[in-house]
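Below you will find one chain, with nothing else, as structure tokens; this is the form predicted alone, and questions on how it binds or moves follow later.
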């Protein structure tokens, strides 16, 4: 004869205390992350500028996608795709620049990192400009 598995029952108070603990942990983690971010940004204003530009790119990509969904037409699909690719590509380049500005890589000065960012941005824009037709 095989033994019957035991039923696991949770009381409502146990479930609510677990939910409260998770919520409190999340709030604490969010507070610490926000505090750490504010310390980073207060020490270097360039990081704040990069973050604002990243947020702007996310909003522009969302607006483009929403526009395509609202008009329900993909006629200028190359233009939409090119605009969306520019937003995503520039976002990725900005995040890599932010990482290099925050903590420079060994052997790569900040000026060189910015120069590489500019050259990569120009290549990205020329490529997507030619993709539009």
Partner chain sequence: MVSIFITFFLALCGNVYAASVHASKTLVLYDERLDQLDSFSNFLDDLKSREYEIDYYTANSTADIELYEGENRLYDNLIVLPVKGKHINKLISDKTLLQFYNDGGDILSVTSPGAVPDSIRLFLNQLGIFPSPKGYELVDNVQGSLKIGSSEYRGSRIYEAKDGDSISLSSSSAALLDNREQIFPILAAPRTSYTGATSKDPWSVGSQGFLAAAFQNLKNARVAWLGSVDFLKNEFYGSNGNFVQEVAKWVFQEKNVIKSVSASHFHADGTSYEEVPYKIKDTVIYEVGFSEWNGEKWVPFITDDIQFELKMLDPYYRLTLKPGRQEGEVQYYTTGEFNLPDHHGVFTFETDYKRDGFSFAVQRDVKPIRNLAHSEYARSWDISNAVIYLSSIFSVIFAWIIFIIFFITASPAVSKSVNTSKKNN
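In this text the structure is predicted, and so the values were computed from the model without any measurement. Positions refer to the first chain, counted from 1.
Quick note: we don't show the form predicted in complex with the partner chain, though the next part is all about it.
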| property | result |
| --- | --- |
| Proximity of residue 63 to the partner chain in the model of the complex, heavy atoms at 4.5 Å | yes |
| Interface membership of residue 19, the partner chain in the model of the complex, 4.5 Å heavy atom rule | no |
| Any non-hydrogen atom of residue 103 within 4.5 angstroms of the partner chain in the model of the complex | no |
| Distance check, residue 79 to the partner chain in the model of the complex, heavy atom within 4.5 Å | yes |
| Residues in 48-70 with any heavy atom within 4.5 Å of the partner chain in the model of the complex | 49, 50, 53, 56, 57, 60, 63, 64, 67, 68 |
